[in-house]
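Next up is one chain by itself, shown in structure tokens, the form predicted on its own.
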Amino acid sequence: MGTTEKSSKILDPKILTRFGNLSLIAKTIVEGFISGLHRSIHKGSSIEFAEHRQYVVGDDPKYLDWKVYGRTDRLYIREFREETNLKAYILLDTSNSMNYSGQKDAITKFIYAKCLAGCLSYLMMKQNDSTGLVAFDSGIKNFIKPSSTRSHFHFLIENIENLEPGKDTNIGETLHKIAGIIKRRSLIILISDLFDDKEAVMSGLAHFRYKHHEIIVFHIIDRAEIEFPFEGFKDFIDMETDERIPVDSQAIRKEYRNIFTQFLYFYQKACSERSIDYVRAITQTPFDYFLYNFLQLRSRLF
């Protein structure tokens, strides 16, 4: 995908989170990723060529097209139109299920999600795109309107760093509320484990599509949630209700894996049917993979 082996190791989530400073993590990841690309797919966002028109006295000579003059022996001005900078909202799930880690020495889904949010914020700031943040669990906790300034980036990072996991979640209803607030067509980036009523979640996402927003879903999953590598009798605790359930891991492994596979397939299929871009983000995967996916999706959407 265009990055060197060295840069991929540098972007390893487990190593990076030892830095502690989210601003430094985001900068390290994005700068390392960009320097590793063989061919940048960054799209400029300042001006775009529109058309030629004949030169008249008083026009700025720096916009003269000398190639056209060489072919026609006539003076033409290159006219430009300003591009509309992208407005993006990062919707970050802070419910307590995001605080899960399958291994003691692994990072939680929540820390991974915060790092990914920081990386996307830094990347979009470098592209002069306006970025906002909405943190939520059972309701909206933070709502920061988009801006593209460096000071705004640091404000975003400070808010992301200070976020703590909440308790329960209500993704579907909260998405409907957010969709009602955001008026202008934007890029909506949902970062969540999507552990809630599936139909309600998709109804909330469909609300954004109805209002003509573009959507990218980063589905945050720990590998242990897919593989269920546990042995013997275990007490499993619902992280949002604290309900404790004793189970025989071996006895339920096959059924659990089937159910979880169906859970993942549902979201992948439902998003595809609604023209919503879906990217599964396993917490053991280096961040450059998701940055690459994001840039590919963005270059297609805008």
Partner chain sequence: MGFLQPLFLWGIAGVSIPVLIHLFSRRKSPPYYFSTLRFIKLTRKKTIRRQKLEEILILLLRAILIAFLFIAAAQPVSKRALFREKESWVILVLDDSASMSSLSGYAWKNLQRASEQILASLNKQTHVAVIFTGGKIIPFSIIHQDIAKKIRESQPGFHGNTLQNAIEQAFSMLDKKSGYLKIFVITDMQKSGWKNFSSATFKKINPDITIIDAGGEEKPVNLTLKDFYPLSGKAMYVGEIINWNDREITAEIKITGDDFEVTKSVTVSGKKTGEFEVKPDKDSQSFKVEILYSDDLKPDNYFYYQKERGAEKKVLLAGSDDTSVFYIKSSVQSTGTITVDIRKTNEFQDIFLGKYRTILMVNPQKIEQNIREKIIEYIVDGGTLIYFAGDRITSEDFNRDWTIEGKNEFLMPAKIAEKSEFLRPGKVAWVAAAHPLFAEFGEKTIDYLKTTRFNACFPIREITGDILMKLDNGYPLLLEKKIGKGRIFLFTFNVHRQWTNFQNKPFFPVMMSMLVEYLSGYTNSISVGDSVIVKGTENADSVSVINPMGEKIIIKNTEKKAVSYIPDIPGIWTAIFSDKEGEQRQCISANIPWQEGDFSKISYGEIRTIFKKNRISFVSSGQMEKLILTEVSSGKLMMVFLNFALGLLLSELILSNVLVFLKQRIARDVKH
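The structure presented is a predicted model; accordingly, all values stated were derived computationally and were not measured. Residue numbers count along the first chain shown, from 1.
Absent from the display: the form predicted together with its partner chain. The rest refers to it.
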Exercise. Can you work out whether its partner chain is within 4.5 angstroms of a heavy atom in all three of F155, K177 and I181 in the model of the complex?
Key: no
Exercise. Heavy atoms, 4.5 Å, its partner chain in the model of the complex: which of 228-236, 144-152, 182-190, 110-118 makes the cut? Say which one.
Key: 228-236
Quiz item: Would D197 count as a contact of its partner chain in the model of the complex, using a 4.5 angstroms cut-off between non-hydrogen atoms?
Solution: yes
Quiz prompt | Any non-hydrogen atom of D65 within 4.5 angstroms of its partner chain in the model of the complex | solution = no
Practice problem: State yes or no: in the model of the complex, is some non-hydrogen atom of R257 no more than 4.5 angstroms from a non-hydrogen atom of its partner chain? | Solution: yes
Quiz item: Does at least one non-hydrogen atom of D242 fall within 4.5 angstroms of its partner chain in the model of the complex?
Solution: yes
Exercise. Scan G132, P165, G102, G172 and let me know which has any heavy atom within 4.5 Å of its partner chain in the model of the complex.
Key: G102
Quiz item: Counting only heavy atoms, which residues in 246-262 are within 4.5 Å of its partner chain in the model of the complex?
Solution: P246, V247, D248, Q250, A251, I252, R253, K254, E255, Y256, R257, I259, F260
